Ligand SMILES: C[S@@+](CC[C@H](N)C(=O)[O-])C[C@H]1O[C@@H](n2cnc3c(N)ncnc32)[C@H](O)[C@@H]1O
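Coming up is one lone chain in structure tokens, specifically the form predicted alone.
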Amino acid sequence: MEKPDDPLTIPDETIRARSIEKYRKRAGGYDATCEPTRPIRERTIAALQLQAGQRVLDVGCGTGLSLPLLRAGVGENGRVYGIDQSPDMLAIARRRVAEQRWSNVELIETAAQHLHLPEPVDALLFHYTHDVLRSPLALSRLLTCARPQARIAIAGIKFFSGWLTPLNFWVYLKNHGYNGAPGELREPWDRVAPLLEEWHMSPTQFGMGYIGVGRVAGKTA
């Protein structure tokens, strides 16, 4: 196994460039590869406990597979923001929004590190956004866009433990196929969890994945 990069030792821009190139190649067939993990997507979005009229941010929205569920959660009077740094993935998401004529869904092509929203959000979804979770700058910017006590739900990949540990080379290869800085898969939530309140994590996929839930620190107004 090649030695994984430490995102703290290489520039975010380098990691971003690698990721954008990988998703350029994968965008066309991406939706089909996600079908097996649809139940995880549904569970993660359900953990946000969205309410009508809320604002929600889909971090790394990709081709927009989470948008219908998020929009259903906030209703016609709510608003869904989706961000992604990949123009190829976002182009598919834009077509999805246009075809459905969703007037309350706004897609933004940007790196998480540079995000600016017109209003704070009540919830944030991180669905398989490993590079973002390893970037302190990205996490800081994203949490700044959230209201105090905004709900956070995260789904991602992690290393097996126990008797399944020998399969971790395969897990690393899966991570390598999508991320600009693969690796750091033992506790990939360890940089975001200290920034949140009420954090708890549940394993998925026999221990190869996880769903984590918490709240942005701070008191409500």
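Here the structure is a predicted model, which means the values were calculated and not measured. Residue numbers run from 1 along the displayed sequence.
We do not show the form predicted in complex with the named molecule, though everything after this point is about it.
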* Structure fact -> None of 172, 189, 178, 160 but one has a heavy atom within 4.5 Å of the named molecule in the model of the complex; the exception is 178
* To do: With the named molecule left out of view, choose which of 124, 145, 107, 112 has a non-hydrogen atom within 4.5 angstroms of it in the model of the complex.
  => 112
* Non-hydrogen atoms within 4.5 angstroms of the named molecule in the model of the complex: do 19, 61 and 132 all have one? -> yes
* **Segment assignment from 192-200, 22-30, 160-168, 49-57: heavy atom within 4.5 Å of the named molecule in the model of the complex** => 22-30
* Asked: So in the model of the complex, does any heavy atom of residue 93 sit within 4.5 Å of the named molecule?
  -> no
* Asked: Wondering, does residue 89 line up within 4.5 Å of the named molecule in the model of the complex on heavy atoms?
  -> yes
* Asked: Do residue 65 and the named molecule share at least one heavy atom pair within 4.5 Å in the model of the complex?
  -> yes
* To do: Using the partner position in the model of the complex, report whether residue 128 sits within 4.5 Å of the named molecule, counting heavy atoms only.
  => yes
